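Quick setup: the structure tokens below cover two forms of a single protein chain, split into structure 1 and structure 2.
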Structure 1
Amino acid sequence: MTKDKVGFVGLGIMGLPMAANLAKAGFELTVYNRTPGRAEQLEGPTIRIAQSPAEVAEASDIIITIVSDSPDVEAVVLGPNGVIEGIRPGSILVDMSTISPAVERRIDQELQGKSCSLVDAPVSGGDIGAIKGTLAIMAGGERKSFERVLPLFEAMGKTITYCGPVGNGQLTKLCNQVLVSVNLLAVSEAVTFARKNGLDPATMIQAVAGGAAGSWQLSNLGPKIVDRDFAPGFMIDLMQKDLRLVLEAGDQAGVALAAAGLVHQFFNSAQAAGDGRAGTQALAKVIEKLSAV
């Protein structure tokens, strides 16, 4: 069986290393990035640079897109010279951006009209996970499409989960973001409480991180808060985009998200203070300000 030919649209901080891992795994790649110059950073005999998403689609059996937000996906897929203009019957579009589940379902409808299908497969794990090939990948779509795409996922990620029909990858990613952001709020309050009460916050973290209070956010971002290291792993501006998707999906389904709504408002305060491009752990500065730390 010959390997599927892969197209890749969006060579940003996540996309570039993900495409590199596909090339390393032996996939033949046709790539496109809006900003020129990025594609040239990929090297290899099996990599071809295209002039548009449509041209990527023409050359590929499976097309991956990973761009910033819902309108960007709509532009590269449904817009002029978009994927939909070049895609061949039977091909699969795999959107690995984090965007609206409703938009994914709409795009899937359009693709069905071309005898194609969509797998929505947002990722978690950041640029380090993208480089190391250890991303968590949460996928929605028809199971047979998922299974055809699985070898690509295995070249880019570690925890790969089939979550059900189109849109369920995005919905699972949004659950992820509820957990990440509310856990970070817990860390911010605990560290602020510790400081204001004269505890050494590093000792506090060490005392509690191994038990029922433990979380990835506490162990990884807690020490950064203590050390006043607000450099981005994941930027507040991007988290806010994701929380907007969370609250929008919550509105549509009728879910009352008190804590996720609260942390979104606190991140608004961080953005107002100029910390939009800081790491999410700068949330702690908002919580500290409330308590005049």
Structure 2
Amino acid sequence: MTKDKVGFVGLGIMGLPMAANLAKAGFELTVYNRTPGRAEQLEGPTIRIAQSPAEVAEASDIIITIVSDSPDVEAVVLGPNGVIEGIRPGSILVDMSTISPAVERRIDQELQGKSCSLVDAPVSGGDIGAIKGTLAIMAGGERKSFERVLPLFEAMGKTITYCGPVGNGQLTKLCNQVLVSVNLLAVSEAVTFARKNGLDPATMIQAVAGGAAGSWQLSNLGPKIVDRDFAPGFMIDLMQKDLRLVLEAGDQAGVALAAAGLVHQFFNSAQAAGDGRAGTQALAKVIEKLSAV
């Protein structure tokens, strides 16, 4: 069976290793990135660099986009020289960004006018998961479209879940971000509590990570907090964008999101201190400052 030709738009911290894993899996790729130079980091005989998202779409059966925010997705898909100008009937757009569910539904309507479809498939797992190909992928869209793009997901992720119609992937990802951000606040508080009480925080993490308190955030970001490693696997600025989407959707649905709102304010403090482009684990610096560490 001939594999679909794949387009990839957005080669950032997440997109670059995800595209590399698709190439390793044998998919023929046409790629584009708005910042020059990133695409050249991909190597292989099956990789071609395009000059616009429209050119990517012209050469592809399935087009993946993964960029920062809703306006960025709208620009690369619906804007001048965007995907919609080059997409061929029967093609599928897979948006793996984390953006507004309402924007995904609007883009899907535009694509249907071109006899195409959308799968919204945001991811979780950070740069580590993107590199290792172990991402959690939560997908919304028509079931037949999901089934067609599943082989691509299997090359990039480990936990792949069909969540229902277009927009449901994004809503599921927003649930993920509530859990991630509030858990990270707990990790930050626990590490600071340990330090203030004379414990070795690394020993504390080792002691509790295997029990009921264990989590991805604790095992992966807890040691980075201890080691003062605030390099971004996922930036605070991007988490803040996601939390704004969470709080907007919560307002619309009438959901009480007290803990998510609190961590959003703490991240505001981190941004004010100049840590917006640091990894989310820099949240711990806010708790440390409040605790006079």
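Just so we're on the same page, residue numbers count up from 1 along structure 1's sequence. Superpose the two forms; the largest set of C-alphas matching within 1.5 Å is the rigid core. Just so it is clear, the structure is predicted and the values come from calculations on it, not from any experiment.
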Of structures 1 and 2, the form predicted together with another copy of the chain: 1
Selected hinge residue, from M96, Q217, T172, V263, for two rigid parts turning between the two structures: T172
Using C-alpha superpositions, work out the turn of the smaller rigid part against the larger one between the two structures, rounded to whole degrees. 12
The CA shift of M235 between the two structures, rigid core aligned, in angstrom, is 2.5
